[in-house]
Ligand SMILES: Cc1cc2nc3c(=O)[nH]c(=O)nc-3n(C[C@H](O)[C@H](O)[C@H](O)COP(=O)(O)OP(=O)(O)OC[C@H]3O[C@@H](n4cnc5c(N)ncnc54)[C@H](O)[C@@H]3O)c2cc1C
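Only one chain is given next, in structure tokens, and it is the form predicted alone.
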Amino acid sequence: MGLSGLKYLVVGSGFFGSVMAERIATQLKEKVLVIEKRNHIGGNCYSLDDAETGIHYHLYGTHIFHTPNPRVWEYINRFTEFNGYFHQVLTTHKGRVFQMPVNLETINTFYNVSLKPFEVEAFLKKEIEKENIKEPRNFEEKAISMMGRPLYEAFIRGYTLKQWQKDPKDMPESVLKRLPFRSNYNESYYFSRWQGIPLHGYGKIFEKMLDYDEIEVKLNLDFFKIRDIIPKETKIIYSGPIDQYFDYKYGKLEYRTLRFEREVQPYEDYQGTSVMNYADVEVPFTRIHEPRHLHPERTDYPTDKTLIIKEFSLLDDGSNPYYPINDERNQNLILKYREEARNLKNIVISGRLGEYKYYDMHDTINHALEMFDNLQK
């Protein structure tokens, strides 16, 4: 499939681009070209088998599929089955392991008490009142007003510094909305009705989504190297960075990116859980993934070795953007770029990078389905 006469071009093969391509191919029966600058499909959700251990792992950090949306659940199940994995997060602080997000077990273990749920508010009120924060002005003040300084310093501050490469005092309080805080023993990270890990990994999902005669995929192809030869009548679905699309005319948006170090350890089980956070700022990595725990149904994994992956967070240099940084400067910039995008014809800019928004996988799929609905109107 060449560019001449091309009706649909999808830029990026993550969930947004892949859903749009699959819908165009199967519902409109139109040919569509998907271009991907990486050497694999699937974007940051891609997964594969480790060559040394045979353990299936997520190339860009652990991805837990969860959704409360029946439409999304029905759609994704066309391409995979899910196992019964239930996500629990633990965190290490000063050599001790605690439950995350902060819940009643975390509080009782940290303070060495045995509170009941109805006693938590009064207990923490004493710590909160020491700070005298009436109207929180930033991330740090909001967190302290919720749980007091000791819990904040132990579990939130250091991790946040490492994760976002910014002082929590310089971050908006809205970032804290993604972090639950509980006064009971509920240890689930998600409240979604459906949750699990694809039985055969995310890589197989994308292979099936893009396996139609109407879809052609070209890897290692940068949109910006062919941009000037794309026919004007081609409908472009673009899921790359929005600031790059407009040649950074208002300045570069900031992103956080991740770096991973894979290690093979000579044990069947290294840490006993799929994800262990490290809350202390002295520890350079934010967490360790042990992907064998994502597939408890697998009986063929080795018993004499296991794969672990250390995750480091850093600011992006523009080459590998992951997560948008929602401070005042970047929010002002994105408003300008979104206004530019509204004036475009024959192009859809969306997805996590296209909208400069944090989307979970199910949000991205739902958004793509809704965008396709609008595409047909």
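Start at 1 with the first residue shown and count on from there. No experiment lies behind these values; they were computed from the predicted model shown.
This next part talks about the form predicted together with the ligand, which is not shown.
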| query | finding |
| --- | --- |
| Contact label in the predicted bound form: N44 to the ligand, heavy atom within 4.5 Å | yes |
| 4.5 Å heavy atom contact, I35 to the ligand in the predicted bound form | yes |
| is_contact(I24, the ligand) in the predicted bound form, heavy atom dist at most 4.5 Å | no |
| Partner contact for Y323 in the predicted bound form: the ligand, 4.5 angstroms, heavy atom | yes |
| Site test, T92, Y270 and P296 vs the ligand in the predicted bound form, non-hydrogen atom cutoff 4.5 Å | no |
| Of G148, G240, P291, G203, the one that lies within 4.5 Å of the ligand in the predicted bound form (heavy atoms) | G240 |
| Among 219-227, 150-158, 125-133, 167-175, the region lying within 4.5 Å of the ligand in the predicted bound form by heavy atom distance | 219-227 |
| Any residue of 57-82 that, in the predicted bound form, places a heavy atom within 4.5 Å of the ligand | Y60, T62, H63, I64, H66 |
